[in-house]
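The chain below stands alone, shown as structure tokens; this is the form predicted on its own.
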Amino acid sequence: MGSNVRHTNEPQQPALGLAAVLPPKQDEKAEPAKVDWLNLPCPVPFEEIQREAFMSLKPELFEGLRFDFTKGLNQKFSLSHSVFMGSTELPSQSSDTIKVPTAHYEFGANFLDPKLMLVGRVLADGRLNARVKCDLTDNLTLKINAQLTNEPHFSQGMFNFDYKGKDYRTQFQIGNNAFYGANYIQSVSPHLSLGSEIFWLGQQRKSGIGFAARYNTDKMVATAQIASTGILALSYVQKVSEKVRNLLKFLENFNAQNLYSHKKFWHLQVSLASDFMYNHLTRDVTSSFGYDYILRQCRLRGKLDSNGVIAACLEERLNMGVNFILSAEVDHRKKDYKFGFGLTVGE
């Protein structure tokens, strides 16, 4: 007589319901990882402490037509041409927005090397923008930003000396109009970094000091900044990519392959961002909420702020080295509407 137990190799059916979306239960007895306080990670530069929020909430918006062409001559040197046709807003004491049609052409040259970067832009009206980044040593970097114009007292220049330590960064700044500044940021834990900055503007006889904190993990970034000038800035970015992927897997279990089987959905990266800014001197309060979707062939960013301004920016990759850009911004309070489209050719 044989046994009544049957051994089969039939594949198990995928779990349906919330079990396919929710993450697996963590082991309650798992001990927390020990922190090596002598080998903390190096923090981000002080000036980039809110870079994730800026990427989502401050896309490069424009109005009109823009065309950018970049031609690489070799692996390090390239030339660029940019044409813009749109409108420029003029300052006005009334609530109405005054726009003047404008157009300009810009020629650029770029030299990119692992230890040296030279970027220059010349506009048709004679304005010159230049950037230099040079690694003097493995830890010390020199940055130069310059803007030269034909109008007197409008040219600007800035020298930055950045030093990168094992678990800290520091920067010293020298600029025109007798500007001097310095900042320092230090990692105090694997996820938390604290920093401070000071500046002195000799021509206006003004000085200030500020403090900042940044807490980041694999799924979120939170920052806070406060300065003696009366500015309080908060930002929060939540990465929800993993949740979206789990949701797509959950939908696949219900045979939704016709809609979600395209490979580009599996390269989806989603971030939600919000910020809050308070100016104690002017009593102005502004908050905004934004999103950032990154697919294989396109990137979509948008925001909505407390002033009633809605903005969105779409970057679509049509082919290798060819990108199509759409930009839109609506200000309901000022009844100001902006729309732009552009094409970028070259990498």
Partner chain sequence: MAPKASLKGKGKAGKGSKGRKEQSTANCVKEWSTWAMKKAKVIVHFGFIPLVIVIGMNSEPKPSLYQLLSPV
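Note that the structure is predicted; figures quoted are calculated from it, not measured. Numbering follows the first chain given and starts at 1.
Note that the form predicted together with its partner chain isn't included here; everything after this is about it.
Contact check for N110: a non-hydrogen atom falls within 4.5 Å of its partner chain in the predicted bound form.
Its partner chain is not shown here, and in the predicted bound form it never comes within 4.5 Å of any heavy atom of G181. Using a 4.5 Å cutoff between non-hydrogen atoms, F69 counts as a contact of its partner chain in the predicted bound form.
Using a 4.5 angstroms threshold between heavy atoms, R121 counts as touching its partner chain in the predicted bound form.
Checked against its partner chain in the predicted bound form, the residues N74, S92, T137, Q203 give one hit for a heavy atom within 4.5 Å, which is N74. Proximity to its partner chain in the predicted bound form, defined as a heavy atom within 4.5 Å, holds among N150, T88, S241, S207 only for N150.
Taken together, the three residues S189, A224 and L272 all stay farther than 4.5 Å from its partner chain in the predicted bound form, as judged by their closest heavy atom. Checking 96-104, 111-119, 209-217, 229-237 against its partner chain in the predicted bound form, the stretch whose residues place heavy atoms within 4.5 Å of it is 111-119.
Interface residues of 124-159, taken as those with a heavy atom within 4.5 Å of its partner chain in the predicted bound form (partner not displayed): G126, L128, A130, R131, V132, L148, T149, N150, S155, in sequence order.
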